[in-house]
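Next up: just one chain, as structure tokens, the form predicted on its own.
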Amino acid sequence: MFSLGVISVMLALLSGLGQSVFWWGVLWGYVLMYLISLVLWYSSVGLAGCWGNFMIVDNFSFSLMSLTILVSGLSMLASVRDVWKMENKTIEFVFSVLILTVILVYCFSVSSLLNFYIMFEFSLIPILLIILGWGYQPERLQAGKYMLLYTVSASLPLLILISMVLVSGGSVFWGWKFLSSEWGWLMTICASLAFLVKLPIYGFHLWLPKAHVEAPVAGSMILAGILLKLGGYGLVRVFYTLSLFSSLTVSGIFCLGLGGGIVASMVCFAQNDVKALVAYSSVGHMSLVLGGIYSNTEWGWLGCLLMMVAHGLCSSGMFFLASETYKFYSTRSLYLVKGGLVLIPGVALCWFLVCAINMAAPPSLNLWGELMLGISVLSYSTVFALLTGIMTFLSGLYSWYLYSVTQHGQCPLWVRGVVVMEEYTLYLISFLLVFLLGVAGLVMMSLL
């Protein structure tokens, strides 16, 4: 946090040297912070002892903090042509992304439940500014309203629960135990509702496709890669420390999550927008994360962490490719985006790699995450074996469907004579995402 503060001050000074120096100075700052986070992560430095009760940082937090810094830097790199070259409010965009990064890093490391709630809600403001300020369509205002109404309304029961903990126990730190056997089911619902909307699961997801469709490429990458992970992180922290496990309530949420994941995977085939399809695929993947958390097993929580990191990288890559495809075809409709193998073979290769990783092809990190989550769900109850198998099959099917529809067929007439766009950022970002997922998968294979 101190390093992020120092870098933000330095960037404020760099802003007076010109937009070019400021933009690339921020990117190199993200690179530096990502390397520092990796060193701290693998050296197992316990910052909780240094900061007392202010911060709790473990491997779970470090992994999501590293993911936050990486995806934020990649989102800025993906916005080079949209923001920096077009001079589209560059300074404001950089500070919005930087403030959002600081908020999320603090949110993944704070020890107080009240402070976590404040940062959890405060993260909506920068992402709303990014959607409204740099969105493509006039409907972005409606999408922002949906996102605010869903997330804020669902988080009010959590605020009431935090107030009850504060009044009864005098402390709102993670380590404080609070459980009432009589009202445990109600507290389970209150504590989980805000995170289920943020995860999200089917039924609480309507804000997500709208926000993704209207958001710029940086907003979509941060929203799918980082903000959706707040739901899983909050469920792990709250339910582990407060012990709000009511068997009947948990089973009901379990069935809702896995059943909704199947429905969301089937809805993917009815979408005609590339971004909407990728958004609904996120709902299906996060349903498995919910199953791993509620299984209350070590493998379930480790698989939850692997799936969140893998999905954060893979989904952000898919949204980036969807944005680049839109710039070339001037549409995201699956009925019109055809012939990518002939027109833009480099982009088609990136689509193939990302779609293969999205369907958990070995040795990607998605494979190990889905295996661990599947085993944890089966250890909870064998009744969910069929649901998990159907969801995994549909995940591979809609990933194959997305690639085959967009890359095969006859290309539209209006793009046949278009000069191929600059692809240096495309290749760089796609290579980074695929390389990180592949290397992480190989590491997991060697550890297991």
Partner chain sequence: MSLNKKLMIPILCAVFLYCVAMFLWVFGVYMVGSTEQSYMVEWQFFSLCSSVWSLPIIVDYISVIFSCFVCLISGSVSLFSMSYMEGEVYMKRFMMLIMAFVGSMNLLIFVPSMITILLGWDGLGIVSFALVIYYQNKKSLAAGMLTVLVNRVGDALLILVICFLVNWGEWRIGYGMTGSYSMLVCFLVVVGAMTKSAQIPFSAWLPAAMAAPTPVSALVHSSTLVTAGVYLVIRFYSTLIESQEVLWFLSKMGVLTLLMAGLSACYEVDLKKIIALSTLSQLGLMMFTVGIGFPLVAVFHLLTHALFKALLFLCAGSIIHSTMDSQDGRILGSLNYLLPFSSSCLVLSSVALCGMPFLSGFYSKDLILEGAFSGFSGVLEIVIMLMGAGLSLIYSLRILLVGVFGQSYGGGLSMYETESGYVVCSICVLSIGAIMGGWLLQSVWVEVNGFSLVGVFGKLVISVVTFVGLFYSFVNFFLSKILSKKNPSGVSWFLSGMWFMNLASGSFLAGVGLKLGKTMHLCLDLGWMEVLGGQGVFSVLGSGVSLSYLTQKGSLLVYIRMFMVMLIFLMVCINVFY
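Numbering follows the first chain given and starts at 1. Computed from a predicted model, the values in this text were never measured in an experiment.
FYI, the form predicted in complex with its partner chain isn't displayed, but the following is about it.
Contact with its partner chain in the predicted complex, defined as any heavy atom within 4.5 Å, is confined among 367-375, 128-136, 107-115, 69-77 to 367-375. Between its partner chain and the residues Phe95, Phe122, Phe328, Trp299, the one pair within 4.5 Å by heavy atoms in the predicted complex involves Trp299. Proximity of Thr382 to its partner chain in the predicted complex falls within the 4.5 Å heavy atom cutoff. Interface residue remark: Val167 is not counted as part of the site for its partner chain in the predicted complex, having no heavy atom within 4.5 Å.
In the predicted complex, Gln271 approaches its partner chain with a heavy atom inside 4.5 Å. Residue contact with its partner chain in the predicted complex: Tyr280 places a heavy atom within 4.5 Å of it. Of the residues in 325-362, those that come within 4.5 Å of its partner chain in the predicted complex through at least one heavy atom are, in sequence order, Tyr335, Leu341, Val342, Pro345, Phe352, Ala356, Met359, Ala360, Ala361, Pro362.
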